[in-house]
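Consider the single chain below, provided in structure tokens and representing the form predicted on its own.
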């Protein structure tokens, strides 16, 4: 693990009435690492992301983002995070540049047009799309604007929730290449996904979440995609 820990989840439990959505979760991600959290629907993946964002308070345990306690400093901690949900929400009547400029302003960054264009290009959005209305964008194009926003706000931690669902193989491959580039520049990345084969290629760490419990952590370098799939199926059936 990288010496600089960006996300540190320590013994976190979240209960709803008598049910535990997340149970004593320990998870750490360092700068430049890509952590893929695998698990079926209802495993606690989205609850975990919402706790990291400070939208849901843990029943017990501590979450630190870049050393900031999320429960004690939710707004400041959130300023270090960029969150891209399954479908990135953009203003449909605004162009890519206008969306980027607006969301960067919300993060306290007043970007000029050349900087906006540079960030969009670095995120992989084609030049001829910069001035198009976002209502015409595909999911992959929306993600690229979201990544540009993350870079504009200098986020330390990037959260993705099911980022490749609905993407064709080419767009999915392009997305993971972008993820590796961001990690190479020092960003810590946590993604929830069902895409075992793709995350095996890109992730530095893989965790399997079942009924709120982290039942296995895997170094993808020590397994094949087929091995990972077998471990995943066996862990869910246990």
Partner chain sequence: MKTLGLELKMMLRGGRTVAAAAVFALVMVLSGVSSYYGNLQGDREKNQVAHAERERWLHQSGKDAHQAAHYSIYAFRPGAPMHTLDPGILPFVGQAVWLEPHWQNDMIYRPLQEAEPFQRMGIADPARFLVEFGPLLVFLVAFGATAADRETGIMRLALGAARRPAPYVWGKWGAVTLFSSATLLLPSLLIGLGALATAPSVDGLMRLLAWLGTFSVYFATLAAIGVVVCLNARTARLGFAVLLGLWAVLAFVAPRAASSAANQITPLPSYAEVKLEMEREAPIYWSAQTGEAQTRIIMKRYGVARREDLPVDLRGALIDYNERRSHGVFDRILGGFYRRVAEQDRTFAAQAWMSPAVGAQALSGALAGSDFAHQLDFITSAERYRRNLVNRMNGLLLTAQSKSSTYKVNGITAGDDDFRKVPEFTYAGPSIALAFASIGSALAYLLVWLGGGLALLAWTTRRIHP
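Residue numbers count along the first chain shown, from 1. Every value quoted in this text rests on a predicted model; they were computed, and no experiment measured them.
Below, we refer to the form predicted together with its partner chain, which is not included among the displayed structures.
The stretch among 30-38, 44-52, 180-188, 208-216 whose residues place heavy atoms within 4.5 Å of its partner chain in the model of the complex is 44-52.
Interface residue remark: residue 83 is counted as part of the site for its partner chain in the model of the complex, having a heavy atom within 4.5 Å. Using a 4.5 Å cutoff between non-hydrogen atoms, residue 114 does not count as a contact of its partner chain in the model of the complex. At the 4.5 Å threshold, heavy atoms of residue 130 stay clear of its partner chain in the model of the complex, well away from it. Remark: residue 160 does not count among the residues lining its partner chain in the model of the complex, judged by a heavy atom distance of 4.5 Å or less. This chain lacks the partner; the member of 118, 93, 126, 165 within 4.5 angstroms of its partner chain in the model of the complex by a non-hydrogen atom is 93. Along 121-160, residues 133, 149, 153 each place a heavy atom within 4.5 Å of its partner chain in the model of the complex.
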